[in-house]
Structure formats: C-alpha cells, structure tokens
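Given as structure tokens, the chain that follows is alone and in the form predicted on its own.
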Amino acid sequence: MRLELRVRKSLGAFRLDAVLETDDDRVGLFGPSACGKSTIVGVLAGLIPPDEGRIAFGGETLFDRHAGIDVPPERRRIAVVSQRPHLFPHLDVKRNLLYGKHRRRGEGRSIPFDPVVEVLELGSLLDRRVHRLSGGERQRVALGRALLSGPRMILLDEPLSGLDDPLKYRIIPYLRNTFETFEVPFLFISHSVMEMRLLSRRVFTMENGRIVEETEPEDLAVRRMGTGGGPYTNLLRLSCPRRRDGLAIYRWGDAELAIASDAGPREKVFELPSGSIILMRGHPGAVSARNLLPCRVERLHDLGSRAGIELSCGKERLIAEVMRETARELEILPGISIYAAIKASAFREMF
C-alpha cells in the first residue's frame, strides 16, 4: 500500500519538516536519537496532530490540514509496538492477546488467534501473567496483540533497543516470520544499521527533523562504514547445506562455502566480519582456510587508517577490511583480481 506523508510540526525548539513517500511494505526509518523518528510515529498513528500537511495511506486521506480531515487514531487502524510493550499487568498472556482482537473494528482484515499464537510461539505462555515474562516474550505478546487488532500497518518504534544482542537476534526471526506470514505492512524505526539490514527493504534516513535520504539497507551499511558504528559485517543468507568432514557446505552464488555449523536445511543468516577476510594477490597453492574465493576488486572505501575493499565474487559481494598500508603493499586497486581466504570458523550463525 502506498504511504504519503508531508507534514510539519513544531514541538518547543524542535521542528519536524518531513516528506516520506513509498510503495514498499517493509520500510525502515533510520536516524540518531531525537532526530524526529518517534514524532513520525505519533503523527502517523494520529497521536500527534501536525501543524500542517497531509498524510495518506492505501488511498485514504488520514490527515489534511487544508481539507479539515483528521481521522481519529482508532479509525486509522495503525498499530504501534514500542520499546516498552505496555501490556496489561492484571491480565494473563491470552487475555492480553484477546484484548487486541476485541478492539478490532468491523472493517478490515481479521487475523485468526491460533495462527498468531503459532507463529510467535506463544502457546506455552497463554496462562502466564505479564510479570513472569522475559523482555523478549513481552515483545512477542505485544506484537501478537497488535496483529490481532486487524491493523492495516504496524509501526515498530525501536522495539529492540532495550534488548541485548543475543536476545535481539532471537526476536528478529519472529518479526520476519510474522510479517511474511500475515503480510501486514510495517514501518520499522531504529538507530541500528544492522537492524535495518535484517528487517527492511527500503530505508529513509532522518536528520534534525528532516528525511534526507532514501536507499537500500546494504547501501546504507556500506556508506556508514568507519563512522563510529564499528567494522562492516557481511550478512549471508544460506540454506540446504550438505555435510563434509564435519562442516556445513553451502552453495553461495557460483561458489561453495565451508562453515563450522550444525545448521539444518532451513535458511540461516550468518555474519562474517570484514576483518576476518584475508586477501591475496595470487593463488597461494596451499592455505589452511577452508574457503578460497577468486574475486574482483570493485571499489575501495577510505576508513582512515584502514581500507574497505568491496569485492565481487561471481554474482555475490563481500567487503574485506585491511590496513591502508596493506592495501598499498598489495597494490589493491579497482579492477584487479584477488583471492579472498576465509576460515570456516569465521562465520557466526545469527539465527
């Protein structure tokens, strides 16, 4: 469904002046704290009235200052899942979920209770009180309650920011599976590039109350290398391995990757740090690393004392990171052929 937003809003010294238009249903809104992301959530959900502008979603005008249109929040059917789930402490999980279903208005799509419970793996929690849930379980219940309200869109306002990385990477598959199964559009708000890469198809970047860029998540990650977010991490989505000498052998484009993993046939997401890739100008003849990939250098990225080397390996892409002095010594330039050596243990299974 198409989303069109052109609004202005003054909140004290802060001024929102944002334009966002997209036909995608997996959209990320990226930016630092206090740049206006949560204000966008408020105006979309109908909780913050813009000073001027227009908002339309799915062909329906939700707000138009000049036309005098301001659809109330309960009629917009836009659900919000925030960092703090705001579950009802006096209700168990099942009744929290059913509250969302009871709040659904007659119009629009009804999502059945049992499939939501199954996808979010909430069956064993239905009789549990909220105070006995972990942070990740609370987020899953909040997402289930939002789905059962029959929304046309879900706004995910920093839902992972209060979780540590291991828990965060356990929640992300639930988010991915949920939106793939029920096909509900979402706007995902975060200041994490990695979260944008794992959940979004298009990303809008905000700065100082304005949307300054629209791009793909991978392009965002490449451009932000060396800007304080840590080294670049390659993400690989792989499935259906065969076993050889205790390793999982995955097909990756025209090549194969040997990975130290017990993963089964389902798709897995692995991360590969850019600093774990060893570059060689010629074929080494023998090397202890289980993966030796012929590649072509596409671009170099200046990272201060280090250099990011963008590689095309057949139809796939990797980014390696080396010291600038190393890049000079190896005479690494765009267009040259090079070998990338990667240990089987360098890959980390995320989920």
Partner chain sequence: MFPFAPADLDAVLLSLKVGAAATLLSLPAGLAAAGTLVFSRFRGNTVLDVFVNLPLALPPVVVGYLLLLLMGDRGLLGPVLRAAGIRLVFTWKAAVAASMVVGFPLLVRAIRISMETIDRELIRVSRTLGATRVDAFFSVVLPLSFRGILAGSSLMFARSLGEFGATVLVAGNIPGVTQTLPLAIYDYASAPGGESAAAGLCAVSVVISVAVLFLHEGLARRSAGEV
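Numbering follows the first chain given and starts at 1. Keep in mind the model is a prediction, meaning the values are calculated, not measured.
This protein has a second form, the form predicted in complex with its partner chain, left out of what is shown; the following refers to that one.
- Using a 4.5 angstroms heavy atom cutoff to its partner chain in the model of the complex, none of Phe113, Glu118 and Leu133 count as contacting.
- Contact with its partner chain, judged by heavy atoms within 4.5 Å in the model of the complex, is confined among 73-81, 193-201, 243-251, 274-282 to 73-81.
- Ala45 is the sole member of Ala45, Ala289, Leu293, Leu311 with a non-hydrogen atom lying within 4.5 angstroms of its partner chain in the model of the complex.
- Between its partner chain and the residues Thr178, Thr215, Ser149, Thr233, the one pair within 4.5 Å by heavy atoms in the model of the complex involves Ser149.
- Proximity of Gly264 to its partner chain in the model of the complex: non-hydrogen atoms within 4.5 Å are absent; the residue sits far from the partner.
- In the model of the complex, no heavy atom of Arg140 sits within 4.5 Å of its partner chain.
- Put simply, Pro89 is close to its partner chain in the model of the complex: some heavy atom of it is within 4.5 Å.
- Proximity of Phe182 to its partner chain in the model of the complex: non-hydrogen atoms within 4.5 Å are absent; the residue sits far from the partner.
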